[in-house]
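Just the one chain here, the form predicted on its own, laid out as structure tokens.
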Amino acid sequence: MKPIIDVGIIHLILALILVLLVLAISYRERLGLERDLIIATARTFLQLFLVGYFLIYLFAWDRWELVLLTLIVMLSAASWIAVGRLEHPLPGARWIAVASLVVGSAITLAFVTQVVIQVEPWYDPRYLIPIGGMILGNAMTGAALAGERFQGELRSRVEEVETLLALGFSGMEATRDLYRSALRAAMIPTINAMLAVGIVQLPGMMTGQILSGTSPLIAVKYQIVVMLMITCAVALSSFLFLHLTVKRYLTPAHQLRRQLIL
């Protein structure tokens, strides 16, 4: 089997030509993305190298306390980013995101690592960290999309919701269509990815395993597990995030808190 081709620093610098092409498009079309793209590229280099060196030591130490601490840090960052997508601040949104991501991600991670893959020991960082990262990242995106869509729908249809409330509908009944629309928006990217996998694209984990010398069939089986776990995590986290968010916009008397919307 051929050895893995390493990517040297010079070759990484050459890869920046791809970003220069994007910068040229942004400048020519006056998109105003040049500054954000430069910052994003710099952070990509910095963050990934830091994570790479950190994982080398984490894998060497092989301690469950450090694995859980790493997952907690990842959870904290994910909840902050998810709430940051909301156009209008919502009191308690950070804790809503934390609760949703903890439940949705923990259930999925525990089931996948302990029942499906049967990782030994249970805290093996080579499995928990990358799998947990994929679960948290996608659950975060799903919750953020759900919250953003629900907030936008509520702002545009506030009169309709208040009319339904005035007619005696409960808060959940009055916002049900908005809720379903937001949950559907959160799920569509994941479902599209499942439809395209293997035909339009080879996902990152599968590609990485194949490049590292793993049998394509083993990589395929892992990728199937990944797609299923991501779908579950996105659905659970988005569902919980929306369920808790809806309650924040309503009083115990099923009245709409307009000050949080307009």
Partner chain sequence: MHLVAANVKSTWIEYVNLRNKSLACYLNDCPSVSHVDEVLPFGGKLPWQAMTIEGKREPILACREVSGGYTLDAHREVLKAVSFQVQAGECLSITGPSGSGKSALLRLLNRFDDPVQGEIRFRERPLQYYDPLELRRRIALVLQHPVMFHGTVRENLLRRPNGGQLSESTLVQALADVGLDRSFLDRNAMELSGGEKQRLSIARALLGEPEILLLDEPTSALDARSLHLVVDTITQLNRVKGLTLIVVTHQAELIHRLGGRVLFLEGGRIVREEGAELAARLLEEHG
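Numbering follows the first chain given and starts at 1. Being a predicted model, the structure only gives us computed values, none of them experimental.
There is also a form predicted together with the partner chain; it is not shown, and the following applies to it.
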Among I188, I107, A77, A166, just one has a heavy atom within 4.5 Å of the partner chain in the model of the complex, namely A166
Of 91-99, 127-135, 108-116, 168-176, the segment with heavy atoms within 4.5 Å of the partner chain in the model of the complex is residues 168-176
Notebook entry, point to check: Can any non-hydrogen atom of I13 be found within 4.5 angstroms of the partner chain in the model of the complex?
Noted result: no
- Query: Might E87 be said to contact the partner chain in the model of the complex, defining contact as any heavy atom within 4.5 Å?
  - Reply: no
| Does the partner chain come within 4.5 Å of any heavy atom of K247 in the model of the complex? | no
Check: Does the 4.5 Å heavy atom contact test between E120 and the partner chain in the model of the complex come out positive?
Finding: no
Those residues of 144-159 with a non-hydrogen atom no more than 4.5 Å from the partner chain in the model of the complex are E159
